[in-house]
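One chain comes next, on its own, written out as structure tokens in the form predicted alone.
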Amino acid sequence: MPRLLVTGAAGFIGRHVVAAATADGWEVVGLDRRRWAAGPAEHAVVADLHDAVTRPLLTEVDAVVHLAGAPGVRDDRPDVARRRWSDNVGATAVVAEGLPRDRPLLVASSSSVYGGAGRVGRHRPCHEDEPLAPRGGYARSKVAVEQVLARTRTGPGPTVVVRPFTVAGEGQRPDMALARWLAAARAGQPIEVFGSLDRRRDVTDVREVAAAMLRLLDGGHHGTFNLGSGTTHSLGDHVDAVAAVVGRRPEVRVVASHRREVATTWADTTRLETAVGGLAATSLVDLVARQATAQPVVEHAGGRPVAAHP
């Protein structure tokens, strides 16, 4: 049975990749520096990618899905630049240099490297070959990740870079928009929307994202691929979906957007569709409903429901 190492295995996308890989017949080794409830067929390694245990482990697996990193486009904590360099760029270098060159590697970059769709005055989706225009430190760190791979992964093994667009579904990080809005709506609190309800996002189903990653890895593909749906939904559509799922219309407060916020994210999916058939369409309401079902609710001390996150 082939062995797959999934870094960031305790994370949002990581949990779905581990589940999908196990179902596909991989022996999965999950690595994360946080402890997590590993599945029965998953070998859990609690470690940092910079730890000594990582390099020998990389020689013992048949392929790697590298998802570990410092998330958060809006993270402004004082040490964020150091963490992004260590956890995104440095950790990727450890994986790329330590994995034997003949073994497949898939690495998660981000759609933030584009700086938004239509930024040069024409409304069109982002294609993998267009010039990058990252906004902010997080996006720049992902560009640096891709540059590390271009320098180090020159051997015969396939190297895949994926640029996921807005990923939603079960286990979404609590700092992401839909998770925050569901928590607020359930608690009877206002939803805060950055910039405008007319801003648009290409929303992708985490299950489809995980499945596409494995299809790209299994298929021996090489290069950069957008992981998007190829369609966009306004933030107003997102709010409507939350209202439909929660069963009441929350108050909406539009607040100033950060300079790193883009008006539209939109993936050109031609390359992905050619390689592995693209992502299956998912109803936004159905996706939000699945996420809400998996997002636990506990009673606040004051008696109002508040979303609880692991």
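The numbering used is simple: start at 1 and walk along the sequence shown. Note that the structure is a prediction, hence the values are computed from the model and not measured.
One more form of this protein should be noted, the form predicted together with a small molecule, which is absent from this view; the next part is about it.
Looking at the small molecule in the predicted bound form, residues Arg77, Ala177 and Trp181 place no heavy atom within 4.5 Å of it. This chain is drawn without the small molecule; in the predicted bound form, the residue among Asp48, Asp62, Glu273, Glu251 with a heavy atom within 4.5 Å of it is Asp48. Picking from 277-285, 65-73, 256-264, 237-245 the stretch near the small molecule in the predicted bound form, with a 4.5 Å limit on heavy atoms, gives 65-73. Residue contact with the small molecule in the predicted bound form: Ala20 places no heavy atom within 4.5 Å of it. Mapping the unseen interface onto this chain, Arg33 counts among the residues with a heavy atom inside 4.5 Å of the small molecule in the predicted bound form.
Contact between Arg151 and the small molecule in the predicted bound form is not found at the 4.5 Å heavy atom cutoff. The small molecule in the predicted bound form is not approached by Glu170, whose heavy atoms all lie more than 4.5 angstroms from it.
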